[in-house]
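Next comes just one chain, in structure tokens: the form predicted alone.
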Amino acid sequence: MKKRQVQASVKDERLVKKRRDQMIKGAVTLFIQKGFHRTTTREIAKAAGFSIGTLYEYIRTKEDVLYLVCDSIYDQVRERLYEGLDTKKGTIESLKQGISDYFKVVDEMQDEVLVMYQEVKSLSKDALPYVLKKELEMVAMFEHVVTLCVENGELDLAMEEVKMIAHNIFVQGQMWAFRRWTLQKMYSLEQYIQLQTELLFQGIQGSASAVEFQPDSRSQK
């Protein structure tokens, strides 16, 4: 799936990146305060530190700004996840460390993650599949690590369970951001990481002693 191209009249790529980075930073703050639909391009330009005329030299529509915001956030999270997640060892400890590192990335980028969670549905039809594909690529990184644990005999799981666990890890990390209004009043980040990790592995241990996974009969039709 090809990256969506956002047209700019300015040809200097370094300047385009600089201005769009300013735009993204200002837009994130506004989207948290007002939401995407209630935020105007004039407000985004002001928050970015330049005029509305300058803004339109780097984008064409407000939807372009939202796409740039979501694309940038996913890139940052994925890059930092890739740096911290050990995709070779396939041990319980490396998986736990990867979960901890991911949750800490979400904590550091919680404003951005919150915008991504709340506003991704407002992306245009041509942009949404590309952005969601990036999310699935990050889920696949956890799926790979869990699969290695299974192959190394560290975990006893069916492939369907591996996929579900990977999605659970990803969503539990995001939850620290989108439920922060209550979770962060009850737990420190370290407590949250410890509790979520313990619950995850309790579920895995319970799964190992449960009835063998039976695929949905509808999927066999």
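Numbering starts at 1 and follows the sequence shown. Here the structure is a predicted model, which means the values were calculated and not measured.
Keep in mind that the form predicted in complex with another copy of the chain is not shown, yet the notes after this line are about it.
Enquirer: Taking another copy of the chain as it sits in the model of the complex, is Asp21 in contact with it (heavy atom to heavy atom, 4.5 Å or less)?
Expert: No, Asp21 is distant from the partner.
Enquirer: Would Tyr117 sit within 4.5 Å of another copy of the chain in the model of the complex, counting heavy atoms only?
Expert: The answer is yes: Tyr117 has a heavy atom within 4.5 Å of another copy of the chain.
Enquirer: Although the partner isn't part of this model, could you tell me whether Val16 comes within 4.5 Å of another copy of the chain in the model of the complex, counting any heavy atom of the residue?
Expert: Answer no; every heavy atom of Val16 is more than 4.5 Å from another copy of the chain in the model of the complex.
Enquirer: Evaluate Thr61 for contact with another copy of the chain in the model of the complex, applying a 4.5 angstroms cut-off between non-hydrogen atoms, and reply yes or no.
Expert: The answer is no: Thr61 has no heavy atom within 4.5 Å of another copy of the chain.
Enquirer: Which residue among Ser100, Thr147, Ser122, Ser72 has a heavy atom within 4.5 angstroms of another copy of the chain in the model of the complex?
Expert: If I apply the 4.5 Å criterion carefully, the residue I get is Ser122.
Enquirer: Report whether all of Val6, Thr41 and Ala127 sit within 4.5 Å of another copy of the chain in the model of the complex, measuring from non-hydrogen atoms.
Expert: Checked in the model of the complex: no contact with another copy of the chain for any of the three.
Enquirer: Going through 174-189, which residues have a heavy atom within 4.5 Å of another copy of the chain in the model of the complex? Please give them in sequence order.
Expert: Gln174, Met175, Phe178, Arg179, Trp181, Thr182, Leu183, Met186, Tyr187 sit within 4.5 Å of the partner.
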